[in-house]
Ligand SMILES: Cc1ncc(COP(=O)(O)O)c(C=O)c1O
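What follows is a single chain, given as structure tokens, in the form predicted on its own.
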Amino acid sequence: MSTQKLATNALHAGHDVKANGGTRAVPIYQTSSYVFNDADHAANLFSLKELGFIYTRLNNPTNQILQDRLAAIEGGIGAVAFASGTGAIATGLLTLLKAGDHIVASSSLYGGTYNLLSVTLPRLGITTTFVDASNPDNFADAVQENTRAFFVESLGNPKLDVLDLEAISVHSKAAEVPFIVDNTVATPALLNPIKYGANIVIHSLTKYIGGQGNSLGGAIIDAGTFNWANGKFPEFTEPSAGYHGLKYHEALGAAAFTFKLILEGLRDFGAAISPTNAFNIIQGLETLPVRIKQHSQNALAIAKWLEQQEEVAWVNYPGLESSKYKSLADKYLPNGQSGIVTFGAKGGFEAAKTISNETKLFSLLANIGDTKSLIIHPSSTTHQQLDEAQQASAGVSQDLIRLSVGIEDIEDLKADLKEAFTKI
């Protein structure tokens, strides 16, 4: 764990220039596999007697630099990168859980995550109870004998609800289950959930961390703070049939989950990030502290401006004085509330679609966190697979428009929206 500040770690952590040929920029190790010194060296790598590179589905030097850098800026002991944010979530949960297990999750989740938990995982025997996360006690009330994880987004997408992570973590500790926090929207530049009791942090690297809209990626950061030997996770304490009898907790201690993600999660599910994508994401990560400040400043300015527009029914942004999440934002996001703004269009569903169709600088597409401004109508796109009640619990209404505010000149962004408003 690094003692340096975030902006420094974002530029330097994980990259030993002497061990990488004196390169100042992180190299792209575009290879599928690695030559062993001899048969004994290969055997030692596979048995974990030595650490090294075997096959890029498991590990890669470029990917390792990204992983070490993410662990440093989130305050974890290790990180594992994946091909996408969804790949990270799915692999993480399937590595951790088994048929018969239960999750307690916030209802205000990204639509794809909600579908994974509500539809796909139940087919594998893993069920989820969704709760209103605005009351942390709801998590305790939903705990069952077979509960094995709490799952939330630190800043919900698109509800933009700021959760009281510290209060929820009290209940996860009482239930003796890991507290998993998707920190994609807030980013580690604005919030470190581990400081507030999270045991596992997840990111879609495609979003603000990459920031360029050119590469998919995901990551899991392990805080190293959960007791996997508490009796509820025998897969960590009993011999692993899938890895020659390895007892993860006994052999690897605090890093047991990190290694299980690699040795079983990546090996068996294969959602490995490509070295080129890892390289591209590293380029974005280097400027994250600077970019997220501008995203946050622009988003707050747009939110305040939207409150004054006659075509707008309501505005949601945690940094607004009018936001019901303002006090929590002051505690958890004092240096900025990221770049997502939602608002309701007077005229409802059709008016919201029209505005989404008519912007020019705001691109209509299904992504967030790009340096360029983006717009979407979630009810007809990202959350259309949910029924109206499920959409409402996720914070999606028929009139809702989600903006991912970029780093363009703020006056140009206002003019673009104003012109779109004239079309309704």
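What you are looking at is a predicted structure, and each value in this text was computed from that prediction instead of being measured. Numbers follow the displayed sequence, beginning with 1.
As for the form predicted together with this ligand, it is not shown, yet the points below apply to it.
Proximity to this ligand in the model of the complex, taken as a non-hydrogen atom within 4.5 angstroms, holds for one residue of F343, F139, Y325, Y110, which is Y110. Though this ligand is absent from this view, in the model of the complex it lies within 4.5 Å of a heavy atom of just one residue from I376, I368, I355, A394, which is I368.
With a 4.5 Å cutoff on heavy atoms, E153 counts as touching this ligand in the model of the complex.
Mapping the unseen interface onto this chain, G217 counts among the residues with a heavy atom inside 4.5 Å of this ligand in the model of the complex. In the model of the complex, at least one heavy atom of S204 sits within 4.5 Å of a heavy atom of this ligand. Among heavy atoms of I89, some come within 4.5 Å of this ligand in the model of the complex. Heavy atoms within 4.5 Å of this ligand in the model of the complex are found in one stretch of 266 to 274, 180 to 188, 284 to 292, 130 to 138, which is 180 to 188.
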